[in-house]
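Here we start with a single chain on its own, the form predicted on its own, put down as structure tokens.
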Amino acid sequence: MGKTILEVKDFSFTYNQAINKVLDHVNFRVDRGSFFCIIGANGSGKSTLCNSLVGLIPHYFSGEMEGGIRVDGMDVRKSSIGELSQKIGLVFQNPFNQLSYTAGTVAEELAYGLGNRGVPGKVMQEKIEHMAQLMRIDDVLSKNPTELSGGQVQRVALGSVFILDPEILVLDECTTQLDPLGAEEIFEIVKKINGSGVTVIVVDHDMERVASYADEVLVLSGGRAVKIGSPRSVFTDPELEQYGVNPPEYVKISDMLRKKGYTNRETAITEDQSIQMVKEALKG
């Protein structure tokens, strides 16, 4: 990590027919190999930002765009979506929007993008088998994607993007179809992908999860990047709630313990830190 792989510079966007900017002079950088999380209240511009990072804005969604985005040196405005897809992939909030609806089986769905790139059959089969095991969908490879549960489709959607070997993986609240256990399993898979060197950019609403996984956190509010920093610096900021974001419950627990004099440890932002703090308080 340490070398910038994605840079957003003074970026603004206004949809056609809209009056106000959805994104307003946003600036940030993402380090290669990092796990970068974007948080914010509903309507803060998170999905629009995801669409901008992968080139759907301005190549698919039209509007007025200012500033720029560079993906591993490529100017999003000047590069086609096809060119950008060699570097960066997006998993949509609704996984059913990810399906091609041309594939009769999950295996064919996973192969769809590979086929478009002319990947040889033997290599394609190896990639499908590996991806099915990684996403834990090897038991549904012969099923029609439209007959799967929401959680299974979520895994297929993630697999169909990651099988193309992007250097950057963008996930826009990709656990909406899952129960808490299923969501945690997906994040464990994503963390494993991140551990292999892939840069991960995640929009998520679960602050406990963000605190556990993120290297860096960006807070969006009203289309502006109002704060960026480590999970600790973001979640211990007393001004965070004014942006419509509540810190993890662990922050409140540890603050309460400190105020009552049970501990002098720094604020806990994860479950493990909070448990350790409570144990020490109980010991007196």
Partner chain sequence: MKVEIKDLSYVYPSQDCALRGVSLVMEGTTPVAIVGQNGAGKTTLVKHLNGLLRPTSGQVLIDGVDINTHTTAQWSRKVGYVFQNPDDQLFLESVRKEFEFGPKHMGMRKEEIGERVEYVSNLVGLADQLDTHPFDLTSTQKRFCTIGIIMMMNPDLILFDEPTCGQDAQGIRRLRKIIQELRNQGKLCITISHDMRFVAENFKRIIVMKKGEAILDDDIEKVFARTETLKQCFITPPPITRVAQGADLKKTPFTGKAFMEAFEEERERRICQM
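Small disclaimer: the values here were computed from a predicted structure and weren't measured. Residue numbers count along the first chain shown, from 1.
Only in words, not in the display: the form predicted together with its partner chain, which the text now covers.
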Scan 75, 165, 184, 138 and let me know which has any heavy atom within 4.5 Å of its partner chain in the predicted complex.
184
So which of 198, 134, 178, 214 reaches within 4.5 angstroms of its partner chain in the predicted complex, heavy atom to heavy atom?
178
Honest question, do 49, 69 and 264 all end up within 4.5 Å of its partner chain in the predicted complex by heavy atom distance?
no
Quick one: does residue 42 come within 4.5 Å of its partner chain in the predicted complex, counting heavy atoms only?
yes
Taking its partner chain as it sits in the predicted complex, is residue 246 near enough to touch it, meaning that at least one heavy atom pair lies within 4.5 angstroms?
yes
Is there a non-hydrogen atom of residue 275 within 4.5 angstroms of a non-hydrogen atom of its partner chain in the predicted complex?
yes
Residue 205 within 4.5 Å of its partner chain in the predicted complex, heavy atoms
yes
Location of its partner chain contact in the predicted complex, chosen stretch of 214-222, 26-34, 228-236, 246-254 [non-hydrogen atom, 4.5 Å]:
246-254
Determine the residues of 137-170 with a heavy atom within 4.5 Å of its partner chain in the predicted complex and present them in sequence order; the list may be empty.
143, 147, 149, 150, 151, 152, 155
